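Next up: a single chain in structure tokens, the form predicted alone.
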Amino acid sequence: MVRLQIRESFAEAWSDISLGLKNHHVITVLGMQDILTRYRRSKVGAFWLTIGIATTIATLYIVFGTLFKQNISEFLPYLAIGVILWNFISSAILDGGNSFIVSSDTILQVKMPLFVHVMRVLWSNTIILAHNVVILPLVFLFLLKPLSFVALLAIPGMLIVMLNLSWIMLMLSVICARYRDFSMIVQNVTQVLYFFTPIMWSETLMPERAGILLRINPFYHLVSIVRAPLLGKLPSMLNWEYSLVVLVLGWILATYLFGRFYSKIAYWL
């Protein structure tokens, strides 16, 4: 009986997910529409976020670069990549958790795969990431720091990051639809993780005894498999293995949860 229920849950979830991916054109159109609606009548548009991120990077460098006496050619690219990546990760998680709630009117009126609404949020955040990435060539050009062929490893690294974000967003969207206060918990936990993840500080500053806190932090590994190649370094095998293991286990858990409560999501909205 239990096995049959688990099998039905996975079948229900994969049916919706596969149908949602087939409607990828709907995802891209809705995601783009979200950006256009958000910045309607603005001449600068989404680049306002880019300006904000650039200001944050400059401020953090002035404060922490001076405080820790960091070399500008080493610390500034490290900081810039970390801040841009974290902004993408945290925004996708926070927005993803509310994806069903925000799209409740559409879900209740239009027959559409629920997974479309999760991917819609991921796509709109990816567009914003594309705007923010413009900062990196300017930083490397300012420092006259060339990219090596190792930087190509950032492409599969970014793919793994987005796949991990997909299951996190899917799982949180179900939980937040049922328990509305959970989105505030996610917001607070995300803020705490920001300080535990080496974004504005280097992992080399972490005491050896406290290193376990770094190794069990999945966001540290996800940031590392993208940032390290862009800095001309190879991510460790632990970074790759941890990210892939979390990816597989996370998708299994998220898929089961999604399928288990699939029929109840509309009622929760």
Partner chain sequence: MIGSASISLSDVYIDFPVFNSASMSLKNRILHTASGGMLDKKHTGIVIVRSLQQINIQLKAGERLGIVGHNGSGKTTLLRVISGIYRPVHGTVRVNGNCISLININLGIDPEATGRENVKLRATMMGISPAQIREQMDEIIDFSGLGEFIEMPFRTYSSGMQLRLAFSVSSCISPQILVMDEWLSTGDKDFKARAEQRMNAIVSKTEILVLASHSCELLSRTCNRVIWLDHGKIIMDGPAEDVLAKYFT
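Residue numbers count along the first chain shown, from 1. Just so you know, these numbers come straight off a predicted model, no measurement behind them.
Missing here is the form predicted together with the partner chain; even so, the following discussion is about that form.
For the candidate set L141, L108, V192, I155, a heavy atom within 4.5 Å of the partner chain in the predicted bound form is found for exactly one residue, namely L108.
Taking the partner from the other structure, the partner chain in the predicted bound form has no heavy atom within 4.5 Å of any heavy atom of K69. K145 falls outside the set of residues with a heavy atom inside 4.5 Å of the partner chain in the predicted bound form. None of the heavy atoms of V134 is located within 4.5 Å of the partner chain in the predicted bound form.
Heavy atoms of M112 reach within 4.5 Å of the partner chain in the predicted bound form, making it an interface residue. Only one of 49 to 57, 233 to 241, 215 to 223, 23 to 31 lies within 4.5 Å of the partner chain in the predicted bound form by heavy atoms, and it is 23 to 31. Residues of 216 to 245 placing a heavy atom within 4.5 Å of the partner chain in the predicted bound form: none.
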